[in-house]
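Single chain ahead, by itself, as structure tokens, in the form predicted alone.
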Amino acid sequence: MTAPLLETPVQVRMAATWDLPLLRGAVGTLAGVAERLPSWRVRLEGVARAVDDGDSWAGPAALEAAGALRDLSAAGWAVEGALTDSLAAFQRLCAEADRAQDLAREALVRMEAVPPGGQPSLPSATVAAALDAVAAVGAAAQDAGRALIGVGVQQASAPADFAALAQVVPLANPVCAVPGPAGPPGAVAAWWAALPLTAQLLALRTDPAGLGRRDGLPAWARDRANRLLLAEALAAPATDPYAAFTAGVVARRIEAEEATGRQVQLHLLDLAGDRVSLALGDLDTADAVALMVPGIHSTPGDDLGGLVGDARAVAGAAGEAAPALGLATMVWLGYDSPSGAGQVLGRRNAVAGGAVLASALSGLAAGRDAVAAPEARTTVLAHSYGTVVVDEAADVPGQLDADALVLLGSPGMEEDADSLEAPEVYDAAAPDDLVVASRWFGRATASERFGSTGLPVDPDTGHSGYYDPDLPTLAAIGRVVAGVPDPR
């Protein structure tokens, strides 16, 4: 490009005068809308699920309302996806516009800088680069507009109301349940969040066994899948007798807790592996979450009731420390608790359980991302051999997804508090606790070298008494869960 560029191309002159602050402001406004849409859709889908369940509202009007909410959710999902794609193109447009304007202004400056008696000449490389950048801006603008065609936006005209939007958005199209990734939890959460509600509900009905234990799914989805499995186990005559016994214990515990008005989420139901996780409260929306890891000889069939009682006690103590805080406490029987002497005295169960615990914690965080919920303060309460499981979980690659760890009656840890990867590490070790005195698995948590913050204990506290409401440790645990500083 030589002689034809003696006159500056009109595209270059126009690019030099673009009002980029106005463009960036408009794209920023669009980004704000796009950021709010997922949380709005999640709240809408929560209402849709509640009506669809039929527990609080039944009859023809409820069925019609549930259908309308599903349609609204489908439309919101379509608009959210289109807007996200359009925003990405607009953001690319801003970047290209910045580059195009810089090149255009450079070309004009060089054009105007004519020496006395000289002839104006344009730097061909600069002009060519400016024209390429202008073309890239145009391509990004076309992509931004094309992304919105599916929701009826054309020639700067959008559907005037929901009825007009419903004519272009396929609300009633059949959906298929596409299998999602097995992990990691972040990828599972991203896959789930990208599905419309109708596809999510179909997926849960189609594969409850696979999704009920999938780390990264929100708690509401895992609860729904696991309740389907629970109902199936209770109804099937061929269910293994011990599995049927455990299923009955879980069902009766859920019924008893819900009869008092508490929200319950069945976060894991692996009857074949004898593993269950049961939460009191909403893991998806709670401000603070406490995950309780028990020690040896802990099984759902024999110990779920007592452990849920401990979870209630922790929730009560945290509620006293911070009455306005939304709380969820989960009994995590998600690992193979040691039973025989060979298991009890070794770390094998802890190594396997630690990997599962690390994934479960990451899954809780990712599941909240899937429903556009803010981060929760997460505390792991580990008792006895459960502290060894935490020790191994911290050794799994990646940061442990916990804000605080509370080690109760620990038989010792391999290294020190810093190695556990949590900002806050606390311990409670009663002087007469023989398990603590054994230091079988390593350094005493109450030692100065370990570096944790000690919680108050009664001198007479036994190995199983750390959650006793009449002893001082429970109140201190509640303050840790709530994130309230110790008043001492």
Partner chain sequence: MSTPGHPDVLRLRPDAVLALAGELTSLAAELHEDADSSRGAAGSLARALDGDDGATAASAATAWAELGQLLAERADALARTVAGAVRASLDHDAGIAGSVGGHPRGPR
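Positions refer to the first chain, counted from 1. Rigid core: the largest C-alpha set superposing within 1.5 Å between the two forms. What you see is a predicted model, and the numbers here were worked out from it, not measured in a lab.
Quick note: we don't show the form predicted together with its partner chain, though the next part is all about it.
Contact with its partner chain, judged by heavy atoms within 4.5 Å in the predicted complex, is confined among 82 to 90, 185 to 193, 404 to 412, 237 to 245 to 82 to 90. Arg224 belongs to the set of residues with a heavy atom inside 4.5 Å of its partner chain in the predicted complex. Under a 4.5 angstroms non-hydrogen atom cutoff, its partner chain in the predicted complex has Arg43 among its neighbouring residues. In the predicted complex, its partner chain lies within 4.5 Å of some heavy atom of Asp53. Although the partner is absent here, Pro60 lies within 4.5 Å of its partner chain in the predicted complex, judged by heavy atoms.
Residue in contact with its partner chain in the predicted complex (any heavy atom within 4.5 Å), chosen from Val425, Ala66, Ala446, Ala430: Ala66. Among Leu202, Ala256, Ala141, Ala231, the residue placing a heavy atom within 4.5 Å of its partner chain in the predicted complex is Ala141. Scanning 247 to 278 for heavy atoms within 4.5 Å of its partner chain in the predicted complex gives no residues at all. For Ala156, a C-alpha deviation of 2 angstroms or more is recorded between the shown form and the other one after rigid-core alignment.
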